[in-house]
Ligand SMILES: Cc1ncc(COP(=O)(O)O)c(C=O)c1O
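The chain that follows stands alone, in the form predicted on its own, written as structure tokens.
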């Protein structure tokens, strides 16, 4: 009875208590698989389940606990010293110059940051353009807020780069926002400068808000340029950018993210932050300061991610019935298995046959149904290779059974 009183978006949500759920971050299904020895390659958490906190970051957090300061709130708008360090990073990495106390809000992870960034603008019936496939929260956030999802398909033959005409032909008087995940999760596509320039022109011409999630901005491979759309001409005042220390820094458990935007936007967020998201963890923010002040540890991570993407590609790209492009960023691979089955069927099969847990592509959009997402940042490199070898053998066996060559 009480469920019928909920809004439509929550009525259709499933948390795994009464049904099987395909999203890796819903319910406790992943933990249960880990308990029976399945290699967990579903959570975009680098090096899971192995330790990955650099000593100087651990020391900063330990000192905050030993001093007793850890037991106290940080203001919901975030630690001021952390904002100063983020501002330095934004100038160096993103080409964006900001005033630390006017243009940055610290959030308890980038998921809450993404929700907050969208919440300011989406009202019932507003249309939100979202690339398909992309991060599931892009779609779900829109629905929770009463907006209408407008899907922008991308295709393997384009390297999963978007076609601006796909945006243009879906524009209506109700279009208010574009939500972009760059680099894309799950395809790993890094959107090229010329593509983003065309999207910027489109947004400016039609007076649209752009929310961009850059959680996977580091590393990008093969010399591909990572461009922040907020740094393009005319985009600063209409772009809200969301960042994370979870991926490139391998500090997922700290749950620290940040929003960067024009002061007119941040002022509204400052006025509502305590109501919408609360404060990020005090100790975690001090750890983030230490990580930003000395980020030299990231280089070895990037080298490992590079080796890992090559391991996955070399072992899977030539399997009958499998098609994939080598990852352009981060520690994910997006694999087309449509000739062998749906993404859901293949993930279930590999769970049983190869003792490997990966993501079905279905939660990532309509274009993801015949795909799977592999997280190759998890485990250590030897464990990863062993797991992917098992996947290869299992998929070859399935292809032979189905007569796929």
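Positions refer to the first chain, counted from 1. As the structure is a prediction and not an experimental result, all values here were calculated from the model.
Form predicted in complex with the ligand: not shown, discussed below.
Proximity of residue 111 to the ligand in the predicted complex falls within the 4.5 Å heavy atom cutoff. Taking non-hydrogen atoms only, residue 160 never approaches the ligand to within 4.5 angstroms in the predicted complex. Although the partner is absent here, residue 305 lies well away from the ligand in the predicted complex, with no heavy atom inside 4.5 Å.
With a 4.5 Å cutoff on heavy atoms, residue 83 does not count as touching the ligand in the predicted complex; it lies far away. Residue 246 is the only one of 79, 283, 246, 140 with a heavy atom lying within 4.5 Å of the ligand in the predicted complex. Only one of the listed residues (259, 229, 118, 215) places a non-hydrogen atom within 4.5 angstroms of the ligand in the predicted complex, and that residue is 215. Only one segment in the set 180-188, 287-295, 93-101, 201-209 has residues whose heavy atoms sit within 4.5 Å of the ligand in the predicted complex; it is 180-188. For the candidate spot formed by 40, 313 and 390, no residue has a non-hydrogen atom within 4.5 angstroms of the ligand in the predicted complex.
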